[in-house]
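What follows is a single chain, given as structure tokens, in the form predicted on its own.
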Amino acid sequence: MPLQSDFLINNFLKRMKNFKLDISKVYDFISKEEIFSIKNEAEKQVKSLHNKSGEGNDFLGWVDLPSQISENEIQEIENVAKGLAKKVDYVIVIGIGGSYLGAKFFLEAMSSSFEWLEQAGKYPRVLFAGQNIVEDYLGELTELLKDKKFGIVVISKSGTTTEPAVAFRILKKQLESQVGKENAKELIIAITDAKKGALRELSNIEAYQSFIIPDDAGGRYSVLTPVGLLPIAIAGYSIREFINGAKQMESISGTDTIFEDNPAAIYAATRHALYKKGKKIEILANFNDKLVYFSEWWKQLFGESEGKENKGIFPASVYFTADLHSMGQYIQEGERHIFETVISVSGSDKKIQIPSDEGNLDQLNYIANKRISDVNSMAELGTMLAHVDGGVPNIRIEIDAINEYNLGQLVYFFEKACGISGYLLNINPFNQPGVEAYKKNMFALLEKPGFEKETEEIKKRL
């Protein structure tokens, strides 16, 4: 199986030894000519992103963020993270959507699968709140934190988004009751707007340490800002390597890179060509449980960016091989409006061989002495071939290991591809007008002041 599409030139291959893109398994469904018919438009949209001339251009600060972040900014994040880490055993990151998913996927990818069973180590355990309004979740979290040394990183542009605001109110009160109001101020860090909003006002009043959410980087594109970098640094991981990975991908996906050499442009053009052929659902598949929350971040990125004006590819995700025993049947033989993008990890930190068994009742001796990773790789290859034979186009992205650098590359790759994809659909990929619909109904049902008319109208409907 080729690891690289055969029309990608050698220069790209040399520069990206730890990141590979293979679209050869879509050629039974769309031709190279169909992909290349989008080349000029894709290159135009890359320029629109970098020149900040396209729709939503006031939210394009993320485009050159990896190369523009300064040493002073990195040092400040590292120093604040170290300072808080010395004082607490737990840090609760409060946020929703892009304000938590970036840090969440990174920590899930980099942590031990069984970290929750281990004793607290050198760095604080990072937990999350404000991503839901489930009473049991918050109740169990507050019980866990009783008499524990904990700090809070609260992330909100406005400070009034319901889910994180509720969680912050509850956890702030608990922290103050456990350590006193003055001491609590030293254990709360706010990441919010530079000048306005309830959280900025509170931060100024209480003199919280704070970081700024850039005005020109929307939530789902903010993982390379303090929104994602601070929690990552608190947990003891290298934000420098994370940024360097993103910087590398930025350098080879910009306006100086031709289409054939630009992985983000190729991916965007390929999925757009598939969309025009009726492939309306993209399934992000991985064969590593550490990437499950990366899929959640990816779903928000593409769902919130592309799903507008009755357009867009619906983003879904599966975790194989587990989901081959549930979703596998549909993917293999269901309606043919889907395609897969597989993130493959070629390396493994651990080495476990399957032992031989004298009785061989389970009939597994044919794979005795093979590594688990070898079996998983063959499961991946066999799945891809079966799905392609079943009518599912397959895009494959390979990284050589799960580490800070490669995760940075993946983040920027998908962010850039998402921006290009949105522009290819002629929509603004940087707003989210539809998100407000549920909020208006919820506020009306809760009888929020200012929503009296909506409350009256919605009660009639019920």
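We number the residues from 1 along the sequence you see. What you see is a predicted model, and the numbers here were worked out from it, not measured in a lab.
There is another form of the same protein, the form predicted together with a small molecule; it is not shown, and what comes next is about it.
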- Heavy atom within 4.5 Å of the small molecule in the predicted bound form, from candidates Lys104, Lys290, Lys279, Lys157, belongs to Lys157
- Task: Check each of Arg200, Arg220, His387, Arg125 and return the one that places a heavy atom within 4.5 angstroms of the small molecule in the predicted bound form.
- Result: Arg220
- Task: Report whether all of Ser253, Asn262 and Glu415 sit within 4.5 Å of the small molecule in the predicted bound form, measuring from non-hydrogen atoms.
- Result: no
- Message: Please determine whether Ala246 contacts the small molecule in the predicted bound form, using a 4.5 Å cut-off between heavy atoms.
- Response: no
- Message: I'd like to know whether Gln432 contacts the small molecule in the predicted bound form, with contact meaning heavy atoms within 4.5 angstroms.
- Response: yes
- Message: Taking any heavy atom pair closer than or equal to 4.5 Å as contact, tell me whether Ala269 reaches the small molecule in the predicted bound form.
- Response: no
- Give a yes/no on whether Ile96 approaches the small molecule to within 4.5 Å in the predicted bound form, heavy atoms considered. yes
- Query: Looking at 341 to 349, 323 to 331, 212 to 220, 144 to 152, which lies within 4.5 angstroms of the small molecule in the predicted bound form, counting heavy atoms?
  - Reply: 212 to 220
